[in-house]
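One chain comes next, on its own, written out as structure tokens in the form predicted alone.
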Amino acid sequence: MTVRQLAIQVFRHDPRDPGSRPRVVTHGLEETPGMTLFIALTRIREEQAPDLNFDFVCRAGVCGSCAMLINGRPGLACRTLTANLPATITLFPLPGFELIADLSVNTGKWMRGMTERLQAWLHLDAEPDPDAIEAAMDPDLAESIYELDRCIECGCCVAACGTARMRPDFVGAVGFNKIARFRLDPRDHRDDADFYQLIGDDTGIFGCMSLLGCEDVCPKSLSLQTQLAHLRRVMARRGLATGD
């Protein structure tokens, strides 16, 4: 059996180092059975470039930390088999986020800003009582909420979004997914007028060009297209009702 030799081209730059310049460094690596890009990058760091920066936590496609551009397409390094890629692999950090170094970007800063902007938490009518019995919820509704809660905030949808490339203040599919989740939750007292104030403009749902790169690259296969279309209709009706 022939063993493939991989040429992994990695973007390198540390913005904290005044002497660092953006560049691409090629690392040769022998492919092994079941190798993921996470394994390949770990070997490169252990054997060739100990100062290589990339993020990982769970190694199981749950935390979203290892998202990067893989041959120009956003994806998770831990879920990407090198066997499914050509022998030459090019890796860049996700665009649209603050670069920490090399393949590491600060998605957390962006996600926090988006969460605060959209007030993406339950707005209750009263302070929660930790001693109260948990309120019952229709199983189908609970399943629908859980489906939207599967977002891991990896940033792939933002990196694949054409509007986000042109408008740094664009909410992005991850933000719309959060709005859709809280609209469904009967415990949240907000109505569509409240949500319209958050996403009813060109930085929100009306700025979406419906290119749907977000859904194409979502590693959790969320129904982002459905949520975007539904929110746009709801917010358009709300805008017409108020004359905005």
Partner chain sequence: MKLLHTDVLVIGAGLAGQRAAIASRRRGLETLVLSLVPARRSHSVAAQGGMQASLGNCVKGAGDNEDIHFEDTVRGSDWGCDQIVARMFAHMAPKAARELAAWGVAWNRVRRGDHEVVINGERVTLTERDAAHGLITARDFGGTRKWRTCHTSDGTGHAMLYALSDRVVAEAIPVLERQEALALIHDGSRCHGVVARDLITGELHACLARATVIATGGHGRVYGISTNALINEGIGTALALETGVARLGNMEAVQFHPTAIVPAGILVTEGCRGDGGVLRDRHGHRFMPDYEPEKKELASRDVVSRRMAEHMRAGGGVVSAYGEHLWLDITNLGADHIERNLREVKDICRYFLGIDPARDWIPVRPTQHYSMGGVRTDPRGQSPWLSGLFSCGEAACWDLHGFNRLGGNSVAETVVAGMLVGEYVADYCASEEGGQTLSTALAREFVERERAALEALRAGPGDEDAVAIRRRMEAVMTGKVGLFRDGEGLRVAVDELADLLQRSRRVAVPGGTGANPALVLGYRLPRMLKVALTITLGALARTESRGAHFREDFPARDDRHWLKRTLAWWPDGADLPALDYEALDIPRMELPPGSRGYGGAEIIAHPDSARRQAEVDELRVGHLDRHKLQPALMAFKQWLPARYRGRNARLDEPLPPAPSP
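Numbering follows the first chain given and starts at 1. Here the structure is a predicted model, which means the values were calculated and not measured.
The same protein also has a form predicted in complex with its partner chain, omitted here; what follows describes it.
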**OP:** Although its partner chain is absent from this view, report whether residue 120 comes within 4.5 Å of it in the predicted bound form, heavy atoms only.
**Re:** yes
Subject >> is_contact(residue 50, its partner chain) in the predicted bound form, heavy atom dist at most 4.5 Å >> reply: yes
Subject >> Partner proximity in the predicted bound form: residue 81 to its partner chain, non-hydrogen atom cutoff 4.5 Å >> reply: yes
Original post:
Hey, in the predicted bound form, does residue 46 get a heavy atom within 4.5 angstroms of its partner chain?
Top reply: yes
Original post:
Though the partner is not shown here, which residues of 116 to 145 have a heavy atom within 4.5 Å of its partner chain in the predicted bound form?
Top reply: 116, 120, 121, 122, 124, 127, 128, 130, 131, 132, 133, 134, 135, 136, 137, 138, 139, 140, 142, 143, 145
